[in-house]
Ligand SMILES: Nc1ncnc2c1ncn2[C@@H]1O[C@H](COP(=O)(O)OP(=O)(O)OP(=O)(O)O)[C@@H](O)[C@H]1O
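In C-alpha coordinates, one chain follows: the form predicted on its own.
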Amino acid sequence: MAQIWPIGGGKGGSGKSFLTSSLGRLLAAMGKKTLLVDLDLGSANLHTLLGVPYPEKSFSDFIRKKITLLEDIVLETPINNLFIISGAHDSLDIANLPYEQKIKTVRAIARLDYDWILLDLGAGTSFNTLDFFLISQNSIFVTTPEPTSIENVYRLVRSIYFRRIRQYFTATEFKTLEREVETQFGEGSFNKPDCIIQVIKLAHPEKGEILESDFNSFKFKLVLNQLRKHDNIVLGSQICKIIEKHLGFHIEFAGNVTHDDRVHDAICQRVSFLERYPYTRTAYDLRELSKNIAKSGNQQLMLRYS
(Lines give C-alpha, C1' and ligand atoms only; values in the text may rest on other atoms or scores of the structure.)
Protein backbone atom coordinates (compact mmCIF):
# COMPACT_ATOMS: atom_id res chain seq x y z
CA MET A 1 0.00 0.00 0.00
CA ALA A 2 1.34 3.43 -0.96
CA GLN A 3 2.41 6.02 1.56
CA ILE A 4 0.29 9.05 0.58
CA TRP A 5 1.52 12.44 1.83
CA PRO A 6 -0.39 15.63 0.92
CA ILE A 7 1.87 18.71 1.04
CA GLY A 8 0.51 22.23 1.28
CA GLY A 9 0.47 25.57 3.01
CA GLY A 10 -1.97 28.29 3.88
CA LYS A 11 -0.20 30.92 1.78
CA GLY A 12 1.27 31.02 -1.70
CA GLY A 13 5.04 31.42 -2.01
CA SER A 14 5.92 29.11 0.88
CA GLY A 15 7.94 26.86 -1.44
CA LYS A 16 5.73 23.78 -1.23
CA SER A 17 6.26 22.79 -4.88
CA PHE A 18 10.04 23.07 -4.52
CA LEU A 19 9.78 21.02 -1.33
CA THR A 20 7.57 18.41 -3.00
CA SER A 21 9.91 18.03 -5.97
CA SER A 22 12.97 17.82 -3.71
CA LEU A 23 11.43 15.19 -1.44
CA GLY A 24 10.35 13.26 -4.52
CA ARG A 25 13.91 13.24 -5.86
CA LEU A 26 15.35 12.14 -2.52
CA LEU A 27 12.80 9.36 -1.91
CA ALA A 28 13.34 8.08 -5.43
CA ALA A 29 17.09 8.09 -4.79
CA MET A 30 16.42 5.79 -1.81
CA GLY A 31 15.03 3.25 -4.28
CA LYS A 32 11.39 4.09 -3.57
CA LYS A 33 9.01 4.11 -6.52
CA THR A 34 7.65 7.63 -6.08
CA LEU A 35 4.79 9.50 -7.73
CA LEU A 36 4.20 13.24 -7.52
CA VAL A 37 0.64 14.42 -8.22
CA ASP A 38 0.21 18.11 -9.06
CA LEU A 39 -3.10 19.06 -7.45
CA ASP A 40 -2.44 22.79 -7.30
CA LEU A 41 -5.52 23.09 -9.46
CA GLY A 42 -5.33 25.95 -11.92
CA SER A 43 -1.73 26.83 -10.98
CA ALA A 44 0.14 23.61 -11.71
CA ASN A 45 3.88 23.91 -12.39
CA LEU A 46 5.48 20.88 -10.76
CA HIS A 47 6.62 19.44 -14.10
CA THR A 48 8.89 22.46 -14.62
CA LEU A 49 10.73 21.77 -11.36
CA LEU A 50 11.40 18.19 -12.50
CA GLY A 51 12.71 19.05 -15.94
CA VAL A 52 9.74 17.44 -17.68
CA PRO A 53 8.89 18.91 -21.11
CA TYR A 54 5.41 20.40 -21.45
CA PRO A 55 3.28 17.28 -20.80
CA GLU A 56 1.10 15.74 -23.47
CA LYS A 57 -1.23 14.27 -20.83
CA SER A 58 -2.48 15.84 -17.62
CA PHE A 59 -4.98 15.62 -14.78
CA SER A 60 -7.69 17.34 -16.85
CA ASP A 61 -7.68 14.42 -19.30
CA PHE A 62 -8.79 12.16 -16.45
CA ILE A 63 -11.39 14.61 -15.14
CA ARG A 64 -12.91 15.10 -18.61
CA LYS A 65 -12.90 11.31 -19.17
CA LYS A 66 -10.64 11.71 -22.17
CA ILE A 67 -8.46 9.13 -20.41
CA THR A 68 -10.32 6.61 -18.26
CA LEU A 69 -7.65 5.41 -15.84
CA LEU A 70 -5.60 7.73 -13.65
CA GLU A 71 -2.51 5.55 -14.07
CA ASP A 72 -2.63 6.20 -17.82
CA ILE A 73 -1.76 9.88 -17.34
CA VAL A 74 1.34 9.12 -15.28
CA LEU A 75 4.50 10.45 -16.94
CA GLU A 76 8.11 9.45 -16.48
CA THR A 77 10.62 12.06 -15.33
CA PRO A 78 14.36 12.26 -16.03
CA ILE A 79 14.91 10.91 -12.50
CA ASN A 80 14.99 7.15 -11.95
CA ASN A 81 12.03 5.85 -9.85
CA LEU A 82 10.27 9.24 -10.02
CA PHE A 83 6.98 9.79 -11.87
CA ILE A 84 4.48 12.63 -12.14
CA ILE A 85 0.83 13.34 -12.82
CA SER A 86 0.90 16.86 -14.21
CA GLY A 87 -1.72 19.57 -14.12
CA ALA A 88 -0.17 21.53 -16.98
CA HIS A 89 -3.24 21.36 -19.27
CA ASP A 90 -5.76 22.11 -16.54
CA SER A 91 -8.61 24.33 -17.65
CA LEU A 92 -9.43 27.59 -15.86
CA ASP A 93 -12.47 26.10 -14.12
CA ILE A 94 -10.71 23.04 -12.71
CA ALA A 95 -10.10 24.83 -9.40
CA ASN A 96 -13.86 24.39 -8.82
CA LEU A 97 -13.78 20.61 -9.01
CA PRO A 98 -17.26 19.07 -8.57
CA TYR A 99 -17.66 16.81 -5.56
CA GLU A 100 -18.26 13.65 -7.63
CA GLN A 101 -15.08 14.17 -9.63
CA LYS A 102 -13.14 14.88 -6.48
CA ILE A 103 -14.28 11.62 -4.89
CA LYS A 104 -13.43 9.79 -8.11
CA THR A 105 -9.93 11.29 -7.96
CA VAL A 106 -9.44 10.42 -4.29
CA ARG A 107 -10.37 6.78 -4.90
CA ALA A 108 -8.20 6.55 -8.00
CA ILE A 109 -5.15 7.94 -6.17
CA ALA A 110 -5.60 5.43 -3.35
CA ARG A 111 -5.46 2.56 -5.87
CA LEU A 112 -2.19 3.60 -7.52
CA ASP A 113 0.71 1.18 -7.12
CA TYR A 114 3.65 3.20 -5.80
CA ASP A 115 5.76 3.17 -2.65
CA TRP A 116 5.27 6.89 -2.08
CA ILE A 117 2.70 9.33 -3.46
CA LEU A 118 3.25 13.04 -2.73
CA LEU A 119 0.37 15.43 -3.46
CA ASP A 120 1.34 19.01 -4.25
CA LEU A 121 -1.73 20.96 -3.11
CA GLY A 122 -2.84 24.52 -3.72
CA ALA A 123 -2.58 27.21 -1.07
CA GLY A 124 -5.54 28.27 1.02
CA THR A 125 -8.54 26.51 2.55
CA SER A 126 -10.80 25.67 -0.38
CA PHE A 127 -12.86 22.49 0.00
CA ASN A 128 -10.79 20.85 -2.73
CA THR A 129 -7.56 21.46 -0.83
CA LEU A 130 -9.04 20.33 2.49
CA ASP A 131 -10.51 17.15 1.02
CA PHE A 132 -7.23 16.23 -0.66
CA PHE A 133 -5.48 16.71 2.67
CA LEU A 134 -7.97 14.26 4.18
CA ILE A 135 -7.07 11.51 1.69
CA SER A 136 -4.42 10.33 4.13
CA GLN A 137 -3.69 10.35 7.84
CA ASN A 138 -0.28 11.85 6.90
CA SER A 139 0.24 15.46 5.87
CA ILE A 140 3.06 17.97 5.60
CA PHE A 141 2.30 21.63 6.25
CA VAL A 142 4.76 24.18 4.87
CA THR A 143 5.16 27.67 6.27
CA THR A 144 7.76 30.41 6.20
CA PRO A 145 8.82 32.57 9.17
CA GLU A 146 6.62 35.51 8.08
CA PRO A 147 3.68 36.18 10.44
CA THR A 148 1.16 36.08 7.55
CA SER A 149 2.34 32.63 6.51
CA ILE A 150 2.22 31.35 10.10
CA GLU A 151 -1.32 32.70 10.59
CA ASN A 152 -2.47 31.07 7.37
CA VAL A 153 -1.01 27.65 8.17
CA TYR A 154 -2.73 27.82 11.58
CA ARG A 155 -6.05 28.52 9.83
CA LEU A 156 -5.38 25.70 7.38
CA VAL A 157 -4.85 23.14 10.15
CA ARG A 158 -7.99 24.33 11.91
CA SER A 159 -9.98 24.19 8.66
CA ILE A 160 -8.94 20.59 8.02
CA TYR A 161 -10.27 19.48 11.39
CA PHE A 162 -13.49 21.43 10.86
CA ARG A 163 -13.89 19.90 7.41
CA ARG A 164 -13.58 16.40 8.89
CA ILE A 165 -16.22 17.21 11.53
CA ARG A 166 -18.48 18.76 8.91
CA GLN A 167 -18.38 15.57 6.80
CA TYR A 168 -20.32 13.67 9.50
CA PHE A 169 -23.25 16.10 9.80
CA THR A 170 -25.93 17.64 7.64
CA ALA A 171 -26.10 21.43 7.33
CA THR A 172 -28.97 21.57 9.85
CA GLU A 173 -27.20 19.29 12.33
CA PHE A 174 -24.02 21.33 12.04
CA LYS A 175 -25.89 24.58 12.76
CA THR A 176 -27.52 22.99 15.82
CA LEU A 177 -24.11 21.78 16.94
CA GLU A 178 -22.72 25.31 16.66
CA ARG A 179 -25.47 26.71 18.89
CA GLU A 180 -24.99 23.95 21.48
CA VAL A 181 -21.22 24.49 21.66
CA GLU A 182 -21.60 28.24 22.20
CA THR A 183 -24.30 27.64 24.80
CA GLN A 184 -22.02 25.36 26.80
CA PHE A 185 -18.65 27.07 26.31
CA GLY A 186 -19.48 30.67 25.43
CA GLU A 187 -19.20 32.92 22.40
CA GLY A 188 -16.34 32.07 20.07
CA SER A 189 -15.93 28.53 21.41
CA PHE A 190 -17.06 27.03 18.11
CA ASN A 191 -13.63 27.98 16.77
CA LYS A 192 -12.09 25.41 19.12
CA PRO A 193 -12.35 21.83 17.81
CA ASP A 194 -11.83 20.33 21.28
CA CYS A 195 -14.99 22.10 22.52
CA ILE A 196 -16.93 20.77 19.53
CA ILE A 197 -15.73 17.22 20.15
CA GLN A 198 -16.87 17.35 23.77
CA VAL A 199 -20.40 18.31 22.69
CA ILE A 200 -20.45 15.71 19.90
CA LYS A 201 -19.40 12.93 22.29
CA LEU A 202 -22.38 13.75 24.51
CA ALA A 203 -25.01 14.34 21.82
CA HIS A 204 -23.70 11.92 19.16
CA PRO A 205 -21.49 9.38 20.98
CA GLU A 206 -20.94 7.11 17.96
CA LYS A 207 -19.84 9.98 15.72
CA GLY A 208 -17.78 11.36 18.58
CA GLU A 209 -15.84 8.11 18.88
CA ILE A 210 -15.23 7.96 15.12
CA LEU A 211 -14.01 11.55 15.00
CA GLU A 212 -11.76 11.10 18.01
CA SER A 213 -10.28 8.03 16.35
CA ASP A 214 -9.78 10.01 13.13
CA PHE A 215 -8.01 12.83 14.92
CA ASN A 216 -5.78 10.48 16.91
CA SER A 217 -4.70 8.77 13.68
CA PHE A 218 -3.58 12.01 12.01
CA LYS A 219 0.21 12.17 11.65
CA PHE A 220 0.73 15.79 10.73
CA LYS A 221 4.16 17.38 10.26
CA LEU A 222 5.22 21.01 9.98
CA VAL A 223 8.17 22.24 7.90
CA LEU A 224 9.53 25.76 8.36
CA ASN A 225 10.88 26.75 4.96
CA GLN A 226 13.14 29.64 3.91
CA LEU A 227 14.64 30.12 7.37
CA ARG A 228 17.13 33.01 7.34
CA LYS A 229 20.09 33.69 9.63
CA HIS A 230 18.26 36.22 11.78
CA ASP A 231 15.16 33.98 12.24
CA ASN A 232 14.45 32.06 15.42
CA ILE A 233 15.59 28.46 14.82
CA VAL A 234 13.02 27.09 17.30
CA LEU A 235 10.12 28.98 15.69
CA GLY A 236 8.77 25.82 14.04
CA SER A 237 8.54 23.99 17.36
CA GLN A 238 6.85 27.02 18.89
CA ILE A 239 4.23 27.06 16.13
CA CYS A 240 3.46 23.39 16.81
CA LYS A 241 3.04 24.14 20.53
CA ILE A 242 0.68 27.04 19.77
CA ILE A 243 -1.45 24.82 17.54
CA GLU A 244 -1.61 22.15 20.23
CA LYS A 245 -2.44 24.71 22.93
CA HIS A 246 -5.25 26.45 21.05
CA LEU A 247 -6.63 23.63 18.91
CA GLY A 248 -5.77 20.63 21.07
CA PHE A 249 -4.06 18.75 18.22
CA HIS A 250 -0.51 17.44 18.03
CA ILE A 251 1.69 18.31 15.06
CA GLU A 252 5.29 17.12 14.84
CA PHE A 253 7.92 19.63 13.83
CA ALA A 254 9.81 17.95 10.97
CA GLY A 255 12.58 20.51 10.55
CA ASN A 256 13.86 23.79 9.15
CA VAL A 257 14.89 24.33 5.52
CA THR A 258 17.37 27.18 5.22
CA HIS A 259 16.82 30.01 2.75
CA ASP A 260 19.25 30.05 -0.16
CA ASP A 261 19.14 32.52 -3.07
CA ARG A 262 20.53 29.77 -5.30
CA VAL A 263 17.17 27.96 -5.12
CA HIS A 264 15.78 30.76 -7.29
CA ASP A 265 18.71 30.44 -9.69
CA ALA A 266 18.28 26.66 -9.98
CA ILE A 267 14.56 26.98 -10.72
CA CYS A 268 15.17 29.67 -13.36
CA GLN A 269 17.85 27.52 -15.00
CA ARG A 270 15.61 24.43 -14.74
CA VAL A 271 18.27 22.38 -12.99
CA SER A 272 18.11 20.34 -9.80
CA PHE A 273 19.18 22.39 -6.79
CA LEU A 274 20.17 19.18 -5.00
CA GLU A 275 22.50 18.20 -7.82
CA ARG A 276 23.89 21.66 -8.54
CA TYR A 277 24.44 22.64 -4.89
CA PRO A 278 24.66 19.36 -2.93
CA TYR A 279 26.92 20.69 -0.15
CA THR A 280 24.83 23.69 0.88
CA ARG A 281 22.98 23.94 4.18
CA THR A 282 19.66 23.89 2.32
CA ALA A 283 20.52 20.63 0.54
CA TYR A 284 21.53 19.13 3.90
CA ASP A 285 18.22 20.26 5.44
CA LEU A 286 16.27 18.68 2.59
CA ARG A 287 18.12 15.38 2.95
CA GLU A 288 17.44 15.33 6.71
CA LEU A 289 13.78 16.10 6.08
CA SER A 290 13.49 13.24 3.58
CA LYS A 291 15.02 10.88 6.15
CA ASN A 292 12.47 12.06 8.72
CA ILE A 293 9.58 11.44 6.33
CA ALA A 294 10.93 8.05 5.21
CA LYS A 295 11.43 6.96 8.82
CA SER A 296 7.85 7.91 9.70
CA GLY A 297 6.57 5.94 6.73
CA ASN A 298 8.60 2.88 7.65
CA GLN A 299 7.38 3.00 11.25
CA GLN A 300 3.77 3.13 10.10
CA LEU A 301 4.32 0.14 7.82
CA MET A 302 5.86 -1.83 10.69
CA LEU A 303 2.88 -1.04 12.92
CA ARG A 304 0.46 -1.95 10.14
CA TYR A 305 1.95 -5.38 9.60
CA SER A 306 3.00 -6.21 13.17
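Here the structure is a predicted model, which means the values were calculated and not measured. In this text, residue numbers run from 1 along the sequence as written.
The protein also exists as the form predicted together with the ligand; that form is not presented, and the subsequent description refers to it.
Q: May I ask you to choose, among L70, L274, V263, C240, the residue with a heavy atom within 4.5 Å of the ligand in the predicted bound form?
A: When the ligand is considered in the predicted bound form, the option within 4.5 Å is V263.
Q: Please state whether every one of the three residues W5, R107 and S136 places a non-hydrogen atom within 4.5 angstroms of the ligand in the predicted bound form.
A: Not a single residue of the candidate spot has a heavy atom within 4.5 Å of the ligand in the predicted bound form.
Q: Tell me, please, which stretch of 218-226, 72-80, 202-210, 108-116 lies within 4.5 angstroms of the ligand in the predicted bound form when heavy atoms are compared?
A: Partner-contacting stretch among the options: 218-226.
Q: In the predicted bound form, does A29 have a heavy atom within 4.5 Å of the ligand?
A: No.
Q: Taking the ligand as it sits in the predicted bound form, is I196 in contact with it (heavy atom to heavy atom, 4.5 Å or less)?
A: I196: no, not in contact with the ligand in the predicted bound form.
Q: Considering non-hydrogen atoms and a 4.5 Å limit, does the ligand approach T282 in the predicted bound form?
A: Heavy-atom contact with the ligand at 4.5 Å: present for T282.
Q: Against the ligand in the predicted bound form, would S290 count as a contact residue? Criterion: heavy atoms within 4.5 Å.
A: No, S290 is distant from the partner.
Q: Even though the chain is shown alone, can you say which residues of 11-47 have a heavy atom within 4.5 Å of the ligand in the predicted bound form?
A: Contacting residues: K11, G12, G13, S14, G15, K16, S17, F18, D40.
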